[in-house]
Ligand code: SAH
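The chain below stands alone and is given in structure tokens; this is the form predicted on its own.
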């Protein structure tokens, strides 16, 4: 078996040996090596150490970063034994990601876009979103923490933002990874208040300090416009509205007759009201209420809408919870279908990566059967082009957005 190499910059300090017959996904460049696939570690490695991955009989597979506390024991970044995982390597990956957004025309400094999409940009565990002149960075892999300063320096050089803010990972994910990263400014200055960004002719205020995710649901940018195309003249319900993206788009660009936007977070609904006012959407009413309870109350009152938008929080955080999540999606979508007038439009979303597109469509088929309503899928959408998916890690295709007509 190979000996543990010396610890030079970007070179491995140890080798993780795979169990027999477990190498195929990694020869296929899948970046996540679970603890259950590893037989042992030859050498020693702390969190963030560079390690090689080898087959049980010693053949090189890939090079990555080690985290003994995570179920994802190794995150692979290179599949060439000559590649060093040093600062220059990570800067090169960042440069490629920034260049792609330029190619896509998503580098407008008045707008917002995702600059780094973790596995989709071959930078597993790193998310970077740009909001105007500011960057919000979210690290979801503890193994990247020792490289955070170098990553920030690379982003500063490549993007030249006014400030780079670090946002903590989701609580559950942070616990699984052993992450302890408080929100803070890591380069430049923080904005003095909301950052205002342009989106398809509209303007939205984004709370970079305390907003959900990194401040805004960038992955739904193009879906908000797509939904608005079906809103003209309709009474619209936007459940789980967060800061009003779908509601404002439907009311203004879409020409909806009226919009009721509902969210349980008072901070979110305050932002939604402000965003409606910012865009002159006087026909948007915003209510702070539990969206599930509000849907039930509207159904009990016999209310009807021409469009219902459902963008709930993540229901499944692992494959083990998929069945429970699908039951929750079924329940909320069945109530929504009951609220729709004949010929109404359902815009229903899932951000649960463990729930596949097929799972989600089969759930809707069950809703159609139980409600005795015909559901015609008009569009089956995902995240925008600034959220690329690497075909070697299809788990990155987490967002489903179905636009359907309900007869």
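Everything numeric in this text was worked out from a predicted model, so none of it was measured. Positions refer to the first chain, counted from 1.
There is another form of the same protein, the form predicted in complex with the named molecule; it is not shown, and what comes next is about it.
Remark: of stretches 121-129, 219-227, 324-332, 278-286, the one touching the named molecule in the model of the complex is 219-227 (heavy atom within 4.5 Å). Among heavy atoms of residue 152, none comes within 4.5 Å of the named molecule in the model of the complex.
The named molecule in the model of the complex comes within 4.5 Å of a heavy atom belonging to residue 313. Using a 4.5 angstroms limit between non-hydrogen atoms, residue 241 touches the named molecule in the model of the complex. By the criterion of a heavy atom within 4.5 Å, residue 263 is counted among the residues contacting the named molecule in the model of the complex. With the partner removed from view, the residue among 209, 98, 291, 113 that has a non-hydrogen atom within 4.5 Å of the named molecule in the model of the complex turns out to be 291.
In the model of the complex, no residue of 378-407 lies within 4.5 Å of the named molecule by any heavy atom.
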